[in-house]
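Next up: just one chain, as structure tokens, the form predicted on its own.
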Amino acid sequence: MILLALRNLWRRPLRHVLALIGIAVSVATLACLGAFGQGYRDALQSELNGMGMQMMLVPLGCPYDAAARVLRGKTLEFSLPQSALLTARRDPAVSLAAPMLMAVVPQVHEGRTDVWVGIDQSTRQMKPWWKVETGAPWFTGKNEVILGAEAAELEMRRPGDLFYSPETHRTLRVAGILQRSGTADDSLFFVPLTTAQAMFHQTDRITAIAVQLHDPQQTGAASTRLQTIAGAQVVTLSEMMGTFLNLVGAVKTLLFSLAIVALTIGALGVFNTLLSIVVERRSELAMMRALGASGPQIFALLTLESAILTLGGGVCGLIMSAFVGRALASVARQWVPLSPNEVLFKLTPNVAANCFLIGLGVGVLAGVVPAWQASRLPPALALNAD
């Protein structure tokens, strides 16, 4: 029966290829959306886990926007008093509290913006994977800077070189260059916290405090206590991740609606193709009935043709998504909040199987009505054959 179904499909190759393309585009759309959602979730979880902290203290305002800006290496309009750091460090649940002061220095003539970050030793303790490619692993003096890998390439500096910042009127010595990590650290300029406070006239002020707990299960109690710090608010990374995934979920809902429309169009293509087959082959199908083929056998034959058509479309759709998915994810990266630096397209076997089965199921269902009509053709129609 399979060979017969293949032979029947080959009779009108152009029509069947168009129907196959419709299913392929639908499956590819579903696969790209599913793979993007899975990739974004995994990459965001990986990047947040890699921060080495469970919560962050930021100035009053929108907590999620503030935390996202800090994590992505962007500055805030407001700051915290340094006394907030001392309060956080005294909390019994806090294992480590790392302050940071972030400042933006526009480079108008070069069409870019430099981000400077003031840190202390606690930042290094919170990031044990933070390693230098060349030079010293930490500052040996106040007037030193550690460059991210991309920042070092842009400035064409090596350890020991002098670095003059005309905007702050400071001459710094390059202490070291970080290994490329694929995070926001790659493009940052790191200086001692006290140096950053002096450079940007922010005496005793900090932008945010990254907090690491002795036990992550103490997050709720610690958050309640730290929330009482004047001028500060607490954002846990689990809350941030949930918020960002909800925002992406809203966008995905719209995109999945478009995918359903595409899937419906593909199903209508299969339906129209199978219906045309029934109309064109009425006499042939009736002859098969007259020669002894039962209604269920005719139904199975047409359903098999529909399954083969959608099976081919599903396979082509998955192949198509594998080729175009990464490019689409790169374009979508700029529209999603807290976009991780890792690959956002992750076509897992589970995602691929679900999209394939959905496409196959919809295509087969689209062929049920034409197949049912074909199975009910009376054998007497064979007498009217030309």
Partner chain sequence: MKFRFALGGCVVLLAVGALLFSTLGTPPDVYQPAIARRAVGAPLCPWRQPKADMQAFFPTATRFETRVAILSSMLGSLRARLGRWPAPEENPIYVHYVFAGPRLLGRVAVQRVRGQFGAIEVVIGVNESGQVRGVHLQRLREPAAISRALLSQPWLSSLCGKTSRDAFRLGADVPQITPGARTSARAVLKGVRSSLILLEAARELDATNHR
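Numbering follows the first chain given and starts at 1. Small disclaimer: the values here were computed from a predicted structure and weren't measured.
Heads up, the form predicted together with the partner chain isn't pictured, but that's what we're talking about next.
This chain is displayed without the partner chain, yet in the predicted bound form the stretch 151-159 from 151-159, 138-146, 263-271, 312-320 comes within 4.5 Å of it by heavy atoms. Although the partner is absent here, Tyr164 lies within 4.5 Å of the partner chain in the predicted bound form, judged by heavy atoms.
Contact annotation: His201 falls outside 4.5 Å of the partner chain in the predicted bound form, judged by heavy atom distances. The shortest heavy atom separation between Pro128 and the partner chain in the predicted bound form exceeds 4.5 Å. Of the heavy atoms in Asp185, none are within 4.5 Å of the partner chain in the predicted bound form. No member of the trio Glu284, Gln297 and Trp372 reaches the partner chain in the predicted bound form with any non-hydrogen atom inside 4.5 Å. When the partner chain is considered in the predicted bound form, only one residue from Gly111, Gly220, Pro92, Gly292 comes within 4.5 Å through any heavy atom, namely Gly111.
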